[in-house]
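This document starts with one chain, in the form predicted on its own, laid out as structure tokens.
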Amino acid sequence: MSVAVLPSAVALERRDDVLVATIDNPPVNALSNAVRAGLLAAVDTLEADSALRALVIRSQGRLFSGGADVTEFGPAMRLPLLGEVIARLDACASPVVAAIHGAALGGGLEVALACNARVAAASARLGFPEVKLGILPGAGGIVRLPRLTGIAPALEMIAEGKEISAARALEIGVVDALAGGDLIEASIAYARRLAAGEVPLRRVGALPFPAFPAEAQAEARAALGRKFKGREAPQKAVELFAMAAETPFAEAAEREYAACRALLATPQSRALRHVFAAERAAARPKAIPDGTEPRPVERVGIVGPGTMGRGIAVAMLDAGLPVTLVGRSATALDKARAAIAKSYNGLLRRGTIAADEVDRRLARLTTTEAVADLAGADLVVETISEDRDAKRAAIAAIDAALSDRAILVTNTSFLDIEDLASATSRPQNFAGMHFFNPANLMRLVENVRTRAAAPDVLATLMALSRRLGKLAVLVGPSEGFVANRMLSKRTREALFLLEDGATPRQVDRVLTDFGFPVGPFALADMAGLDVLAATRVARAASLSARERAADIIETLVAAGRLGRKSGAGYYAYGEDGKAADDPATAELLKRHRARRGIVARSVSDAEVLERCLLALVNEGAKLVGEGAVDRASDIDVAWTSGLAFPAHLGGPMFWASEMGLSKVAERLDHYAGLVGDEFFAPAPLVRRLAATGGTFQ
């Protein structure tokens, strides 16, 4: 047995008559130039040695391949291109088998599809995530995958970016066998069976492409349009499937590659790749020195069995953590336990969780009325109502029960976190974890640093967030932190626009046309106007005089219009649950304007959009200038992952940079003259970047 280690990051090893090529390009075995060259060298070696009967391609590390090296994306990728590697594998006279472990994603799966067979570990996962970057497979994924799976499964993987399990891959024909034992031995054995003719040698490109009639295309377009509103790549996938169904393979492959390259140059792909990079940058906060080890978290406590406490408890239980939930009464705790069990039973009915797993998760939940029972917790989350004095008292009591190494975090949305930290005896162990409702489902967590918080405490919060499956952004202390502070400015402008003459329907329509899934007034009706009115009361001291005077929410609540739950809010709701324009709301707004001395005017859609979005952008620039976030892209992460800013537009700060900050400054000046300097005077950072031609990126 001889081994040659190539500078190409691919090692070659003879196993008697089978050549094994091992990709070793940590951390994700991306298909870099070195890997591509190494795979070509493996094919050259196979074809030059008549004693070799087959080639097996495998990888070191935790996965087969994460796909293309995104750092090489650009107009001049170095040769050999992935398409050349794919073509050589496809044309190889001897059998080639892919041994898949971990995950085969994107270009990694395209390499596997170019092989004659695929053997997978039972734990492997396969997928084409390119659509999440605004592009599509460009090296044969589109022209090959449907030939194995049929149209519908292939569209799910390519147009929706769904990953599938090895078992599902075997079921739909993506892989040929699952390895019961050692993956490499199973793959070598399969390669020898192919070489001996015991298993037919297939080339995926030679299989027929399934029919894709016009009616099915229209259905696919409509479904993807609903699911991925405004996205170009999913619709392009349907077009390419239709093309491949009636085009010779070689020509179809060329057109697939050209389409991928064209998508790569689109604004949507730039935006989605920005979000991709921003999420990774957010995972490395500047406040946490390199090498800082998180503290172990094996038991958690939650104080407050309300809606947020329950959601956080479910997130912790889902991550395998034992939870002690503290409440003020047995009744409240019983209600919380019942609600948590109900949420799991819903998953059980839908078949997404097994009954024994439900039992295991619920068995990890302990409820108690005694704060002292938190003594063994490594981390405790305080989630009681937004009342300063009550929170300070609760935090002090929790702090007294904890060990010197235990971490205490608050889930406050608006209160001064430095003030809350002063209620503890160990401020270095105190920080914020601001979850969004429903906490077990929402992806975003704002981890909030204080001046005294120890670096390893912050590292623990970031590590715990990943364990919970969350996307965390580390932010500084600020009222509303990042997401809610910016959102409050959009809410302000939406209310001001109603005063100026816009309607709830117009504002909601403009923002949903932009790409938000729901407008601010429909969202308010869902949340409950009484809840929002209470928030306004809690924040009254921080509101401007005009914001306090824009008491439309309070007026609606006084009229018994609480939103969907009462059948009327900004909109009226019939038995079908659909929001309908309500003359009573129009009359209420008319009386409000008269009381305020405001004469209604015609408000253009452009004004609605600019005021709502530029209010966000300007506040974001202030946050960056204050050092409340490390970088503007952290804001984009928070808004695309937590507040439904269209990811294909990159987030508010990226969107503004694409618009041009000189134009942003000009429009802010315009609205400062219309609405007031207090609300729209450009932030110093906007002024500086506009003057220098800079961007937030």
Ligand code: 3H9
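Residue numbers run from 1 along the displayed sequence. Quantities reported herein were computed from a predicted structural model and do not represent experimental measurements.
Unshown form predicted together with this ligand; subsequent notes refer to it.
Proximity of Glu110 to this ligand in the predicted bound form: non-hydrogen atoms within 4.5 Å are present. Lys663 falls outside the set of residues with a heavy atom inside 4.5 Å of this ligand in the predicted bound form. Among residues of the shown chain, Gly569 is not one whose heavy atoms approach this ligand to within 4.5 Å in the predicted bound form.
Not displayed here, this ligand is approached by Val70 to within 4.5 Å at the level of heavy atoms in the predicted bound form.
Each of Leu136, Phe276 and Arg280 comes within 4.5 Å of this ligand in the predicted bound form, counting any heavy atom.
Contact with this ligand in the predicted bound form, judged as any non-hydrogen atom within 4.5 angstroms, is confined among 627 to 635, 666 to 674, 647 to 655, 55 to 63 to 55 to 63. A heavy atom within 4.5 Å of this ligand in the predicted bound form is found for one listed residue only; from Ala377, Ala166, Ile553, Leu105, this is Leu105. Note on contacts: among Glu446, Glu493, Glu382, Glu130, the single residue with a heavy atom within 4.5 Å of this ligand in the predicted bound form is Glu130. If you take 460 to 480 and check each residue for a heavy atom within 4.5 Å of this ligand in the predicted bound form, you get just Arg466.
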